[in-house]
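First, one chain by itself in structure tokens, the form predicted on its own.
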């Protein structure tokens, strides 16, 4: 049975693993103290729905650990994954009552949540929060536009390489590591989820991952532990240069 819990973590904001990328990244000490008063943590098991599309949201927050998907359901019941939520990504929209998407935990998920009304009030009084949220929203818009290119124009091999590069760069950013040289990370998605997100068949995803492995672009231990020996080469396989492309 799946459970959702409100968790009483005693996390120090200054030691938070997503602090430098989260909505609170620019906050001063007194602003962090005010956020502490409206903050709480929630954990979700893999496969559990965080919020259903159209449901009223009484919180906003950031992904601390784990991965979630954004999914839209059509009138005939078909579903399409339209986005990924990675650590430090923001969930919810201040000023909007409900959720536009189903948000589902792909892995075990921990979120740092803020009560929505007090957070909206803090945004009005705290330019650091409003400015950072605007930056994150614009980054999200840029990533969505570039993802349209991935889905619409890139080959299956380029799609797989693009997704791997997004995850690799986010992991490096969170851990304050450079993207030059080799990168090592755990792939958070199953191949079935990758196929759904990329609009490919499971067979095509498996075949292209095997091809990237055979050609030395990636090394795999099991199905999830990935080593990228040369990130520049991965970016070339994705059809991007090492300084461009998406940092979702």
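Positions refer to the first chain, counted from 1. Superpose the two forms; the largest set of C-alphas matching within 1.5 Å is the rigid core. Keep in mind it's a predicted model, so treat the numbers as computed, not measured.
Beyond what is shown, the protein has a form predicted in complex with the DNA; the following relates to that form.
- Residues of just one listed stretch (22 to 30, 191 to 199, 62 to 70, 35 to 43) have heavy atoms within 4.5 Å of the DNA in the predicted bound form: 191 to 199.
- Although the partner is absent from the chain shown here, 155, 203 and 206 each have a heavy atom within 4.5 Å of the DNA in the predicted bound form.
- Proximity of residue 223 to the DNA in the predicted bound form: non-hydrogen atoms within 4.5 Å are present.
- Comparing the forms between this form and the one not shown, the C-alpha position of residue 78 differs by 2 angstroms or more, with the core used for superposition.
- Fitting the two forms on the rigid core leaves the C-alpha of residue 206 displaced by at least 2 angstroms between this form and the one not shown.
- After superposition on the rigid core, the Cα atom of residue 116 is displaced by less than 2 Å between this form and the one not shown.
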